[in-house]
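The data below hold one chain only, encoded as structure tokens and taken in the form predicted alone.
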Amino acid sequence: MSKIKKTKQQHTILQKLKWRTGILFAVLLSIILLSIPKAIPQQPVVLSMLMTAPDAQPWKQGIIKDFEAKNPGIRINLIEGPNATNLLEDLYTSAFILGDSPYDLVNMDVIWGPKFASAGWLLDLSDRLTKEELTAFSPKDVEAGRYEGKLYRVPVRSDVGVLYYRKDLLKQAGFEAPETFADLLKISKSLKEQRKVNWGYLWQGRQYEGLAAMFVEVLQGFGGFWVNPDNLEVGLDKPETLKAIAFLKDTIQEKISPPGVTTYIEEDTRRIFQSGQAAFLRSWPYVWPLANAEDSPLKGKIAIKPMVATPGNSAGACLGGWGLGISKSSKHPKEAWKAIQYFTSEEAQRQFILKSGYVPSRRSLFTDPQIVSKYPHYPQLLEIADQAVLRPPIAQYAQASDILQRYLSAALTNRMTPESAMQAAASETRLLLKAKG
């Protein structure tokens, strides 16, 4: 074989080797590239929260939507629960007792905080807000979020007991708004005698939590107390408590309140008042927009004030409302706090109030020009909120409330004398608190 032919053959072999090597390299490169995991897009953090179905809609359409737009890395999973706060509390409690609660944010009624905190279900938020930042909220709202000196709940929406009255009827009859229980009875009797109304005063008397909320206002007005959270002293069998019960019984006996008032809840009383049949109503701020609706007979005819009191004692307005805490089992406490900061901010609350009509927890919003132009009664509502009274902030509140409801209902419906009913209520409450001790 000639040298030229041999060289050509070697060149051809070399070319084939290069080609095969190139193919092999391409295949290996493809395998390597395919073996590298693709970059997984970051999934947003999901925070779960439970609330009643009617409350959920304004949240979804308003501040949750705004929060998620400003925080694309966080999503809120809002779970709609039953429209009853006691059932909602049961759901939260069951989830915590079972261990790993699915809820990151805990939406709490004002009376739940001590129970949840004492059980160790909530994160301590004391170091998240300065004293100056806390002064932006209503003082009683902040106090309601504390347990044993630590903060567990930040108020997001307030609520407070209100005394509604027919300002048109009082003006026509020459009366000023009542300041005392005696005034309330006197005006009611006069308007009834003039046949201006069927009833003088409406209140919630059924055996349920609303009875306890109503009663703490009357009790405060007579200078009494239920349970002192500082020393756990019980005041249910004291003279002031019996005077408070006597006033409520008098309203029935003197036909100022309907005989069926001991079976009424909020909506029962609102419907009677809004139809123009009564002069006074003890209820909550939600009544105002309904009573002033275009088709309401009371549009423009009502005014509000705190509950009346006996001379020398301060009026009381039962504090309601909701606040947010963080579950101790949450895997996303940092993001949960970010959500609380936004939901309780002035910006978010202003929009929430303008859209939903709820009561703010930030004091500045009660007199905010934009809000007052839509809700002119809010400055008066702030005055009432400043006289708020707490139901006892104790861990055993649910049991204590059940005791009071049972015996107070028995006294109001004449199944027991007020004296024997309150002696029994006080005794059972002391046993309850002693058992905890």
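In this text, residue numbers run from 1 along the sequence as written. Quick caveat: nothing in here was measured; it's all calculated off a predicted structure. Heads up, when I say rigid core I mean the largest set of C-alphas that superpose within 1.5 Å between the two forms.
One more form of this protein, predicted together with alpha-D-glucopyranose (GLC), exists but is not displayed; see below.
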Okay, which stretch from 308 to 316, 342 to 350, 103 to 111, 185 to 193 lines alpha-D-glucopyranose (GLC) in the model of the complex, with non-hydrogen atoms inside 4.5 Å?
103 to 111
With alpha-D-glucopyranose (GLC) left out of view, which of Glu335, Glu266, Glu89, Asp237 would have a heavy atom within 4.5 Å of it in the model of the complex?
Glu266
I need to confirm a contact call. Of Gly320, Pro178, Gly200, Gly223, which residue comes within 4.5 Å of alpha-D-glucopyranose (GLC) in the model of the complex, counting heavy atoms only?
Gly320
In the model of the complex, does Trp284 come within 4.5 Å of alpha-D-glucopyranose (GLC), counting heavy atoms only?
yes
Contact flag, His377 vs alpha-D-glucopyranose (GLC) in the model of the complex, heavy atom cut 4.5 Å
no
Though only this chain appears here, would Pro229 touch alpha-D-glucopyranose (GLC) in the model of the complex if you measure heavy atom gaps against 4.5 Å?
no
Although alpha-D-glucopyranose (GLC) is absent from this view, report whether Pro258 comes within 4.5 Å of it in the model of the complex, heavy atoms only.
no
Going through 61 to 96 from first to last, which residues have a non-hydrogen atom within 4.5 Å of alpha-D-glucopyranose (GLC) in the model of the complex?
Thr85
Note yes or no: does the Cα of Leu390 move by 2 Å or more between the shown form and the other one after the core is superposed?
no
So with the core overlaid, does the Cα of Gln204 end up 2 Å or more away between the shown form and the other one?
no
With both forms fit on the core, is the shift of the CA atom of Arg282 between the shown form and the other one 2 Å or larger?
no
